[in-house]
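So this first bit is one chain, no partners, the form predicted on its own, shown in structure tokens.
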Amino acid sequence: MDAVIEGGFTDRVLGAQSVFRATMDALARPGTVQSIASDAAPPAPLTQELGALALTLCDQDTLVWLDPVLASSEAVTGWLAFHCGAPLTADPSQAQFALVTEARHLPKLDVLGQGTDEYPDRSTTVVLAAAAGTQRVTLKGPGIKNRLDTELPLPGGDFLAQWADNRERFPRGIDILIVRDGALVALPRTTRISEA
């Protein structure tokens, strides 16, 4: 029970404001690394970064999809219910947020909520805890001056092809927030990603 009621922000307002600001900065400048230093301490396997973003972005009106690892943890689902009040859904196409512990648990991007042309904001935002490896890529698009050559911990496989399809659906499509080691990188749906 202690794991459920403990582990939120020490100062809920300041903690949420700090993480929200970092998230907005990351979305405004795709591919740049933003610090999300946080004192959130969610139960494993929910990482500190995933927990901090859940505390900041999710509430009782936010449908959340959890990957199978998170969904099977009573401590995690109890913690999210207590601290965020966010209802959970088993259907990723209905979720406003998807919390994912590893890239291998990330659903195909086209099965997540895409929004509509009239309401593109009704799409899913994925919050992905990244693995240790990185991939050298070039980013272009809004918020990037000319181009950005960088290394990002992107999912492998056919992710870049899925991302290209996702971008083609604009204004519909999903956005991704990648978190690791107290840091956040955002990939809005408008960002072009190619191998460097």
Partner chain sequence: MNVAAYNFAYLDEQTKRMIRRAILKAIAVPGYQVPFASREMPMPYGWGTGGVQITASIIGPEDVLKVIDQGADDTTNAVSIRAFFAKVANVAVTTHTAEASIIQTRHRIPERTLTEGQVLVYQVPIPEPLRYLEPRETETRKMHALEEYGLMHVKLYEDIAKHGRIATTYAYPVKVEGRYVMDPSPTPKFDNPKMHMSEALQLFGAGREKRIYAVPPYTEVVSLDFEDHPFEIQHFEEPCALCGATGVYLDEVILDDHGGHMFVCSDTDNCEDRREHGHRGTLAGHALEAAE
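Keep in mind it's a predicted model, so treat the numbers as computed, not measured. Numbering follows the first chain given and starts at 1.
Same protein, other form: the form predicted in complex with the partner chain, not shown, and the subject of what follows.
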Original post:
Looking at the partner chain in the model of the complex, do all three of D61, D121 and G143 come within 4.5 Å of it through at least one heavy atom?
Top reply: yes
**OP:** Answer with yes or no whether L50 is in contact with the partner chain in the model of the complex, where contact means some heavy atom within 4.5 Å.
**Re:** no
**OP:** With heavy atoms only and a cut-off of 4.5 Å, decide whether N166 touches the partner chain in the model of the complex.
**Re:** no
Subject >> is_contact(T190, the partner chain) in the model of the complex, heavy atom dist at most 4.5 Å >> reply: yes
Original post:
Does L55 reach the partner chain in the model of the complex, with heavy atoms at most 4.5 Å apart?
Top reply: yes
**OP:** Have a look at 129 to 137, 28 to 36, 149 to 157, 42 to 50 and name the one stretch with heavy atoms inside 4.5 Å of the partner chain in the model of the complex.
**Re:** 28 to 36
Original post:
If you look in the model of the complex, which residues in 162 to 177 sit within 4.5 Å of the partner chain (heavy atoms)?
Top reply: F170, P171, D175
